[in-house]
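A lone chain, given as structure tokens: the form predicted alone.
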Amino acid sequence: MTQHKDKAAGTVTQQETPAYLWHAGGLVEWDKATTHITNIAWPSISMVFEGIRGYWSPRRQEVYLFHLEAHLKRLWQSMKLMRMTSSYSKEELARAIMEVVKANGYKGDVYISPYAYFREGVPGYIGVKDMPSEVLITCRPAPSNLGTDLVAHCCISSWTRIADNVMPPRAKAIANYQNSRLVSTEATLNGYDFGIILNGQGKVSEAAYACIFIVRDGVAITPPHSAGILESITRATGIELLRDMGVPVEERDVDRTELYIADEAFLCGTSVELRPVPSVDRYVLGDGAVGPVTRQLQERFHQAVRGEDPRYARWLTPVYEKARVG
């Protein structure tokens, strides 16, 4: 058993370690997946990864992997930026992800993490050119917070977002997350659930570990990729769903004070899913309750990821292939 803290909930829960993970081309028992202690430091400086959710459908007795293809595409892009090459194709890793979920017999919501890192402990200070990587895939139970009352009271962080010509945010790299960790720690110490990061131009970038939307006068607004955000798959999904709902969406720079006068706001990402923001810097947004656009979007998203809306079946990959969406 391991401990996990939900930053927003402020609680520590016990988590089961999986029986199996996938490493170096095959399944490995949890207790046998070892590496020497001297090899854990420098490889992580260039490590890239993905976070992929699998949603359980009780009606179909199926786990649906959400946007598997898009996640693997982003993993490849992150590897490219780090000048890694993969020993496995996207198709091989897709099969490996399903294999590890099956091997652990998960019949519930799961969170899958593929990691890619340089083999043989290549020191992080050495320049590389197209070196091969190794891949590790692990997973854990991760009940969805969709449909709950969980919200995120936010603050503006004193830290600045990393920039594309410093440590490119579009690479989902372990090292980049030190930026979010500093923001998250500051927010927690100051009594908030999440911190929101401004970029070097003083515009809103994203929250620690999540992208952000605001709603003003019926229009959903989110910072563009050029604001220093991760190219979020959940953000892209939210944009599509909002437009299908008839809500106009603008991708543009957002000023800090726009957050304070927004009618509603929400965070989005694989981990946080779609989480309402009732306040920023203790400015109450709207009436402080979950806004109507956010609420409807949560409901639509929840239906889609559980396979209850056939319009979005293309987003889902069944693990056990018990039944089709629809």
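If you're wondering where the values come from, they're calculated on a predicted model, not measured in any experiment. All residue numbers refer to positions in the sequence shown, first residue = 1.
Not on display, but discussed next: the form predicted together with a small molecule.
K.L.:
Determine which one of 129-137, 234-242, 83-91, 150-158 lies within 4.5 Å of the small molecule in the predicted complex, judging by heavy atom distances; exactly one does.
P.N.:
Looking at the other structure, the answer is 234-242.
K.L.:
Are all three residues W56, Y106 and A142 in contact with the small molecule in the predicted complex, where contact means a non-hydrogen atom within 4.5 Å?
P.N.:
Result no, not one residue of the spot touches the small molecule.
K.L.:
Given that the partner is absent here, does C268 sit within 4.5 Å of the small molecule in the predicted complex, heavy atoms only?
P.N.:
Yes.
K.L.:
Please check if W76 has a heavy atom lying within 4.5 Å of any heavy atom of the small molecule in the predicted complex.
P.N.:
Contact with the small molecule, no.
K.L.:
Please run the contact check for I214 against the small molecule in the predicted complex: heavy atoms, 4.5 angstroms, yes or no?
P.N.:
Outside the cut-off, so no.
K.L.:
Does the small molecule get within 4.5 angstroms of any non-hydrogen atom of L230 in the predicted complex?
P.N.:
It does: once the small molecule is placed as it appears in the predicted complex, L230 has a heavy atom within 4.5 Å of it.
K.L.:
Note which of I112, V183, A210, V100 lies within 4.5 Å of the small molecule in the predicted complex, where distance is taken over heavy atoms; exactly one does.
P.N.:
Contact with the small molecule in the predicted complex is made by A210 alone.
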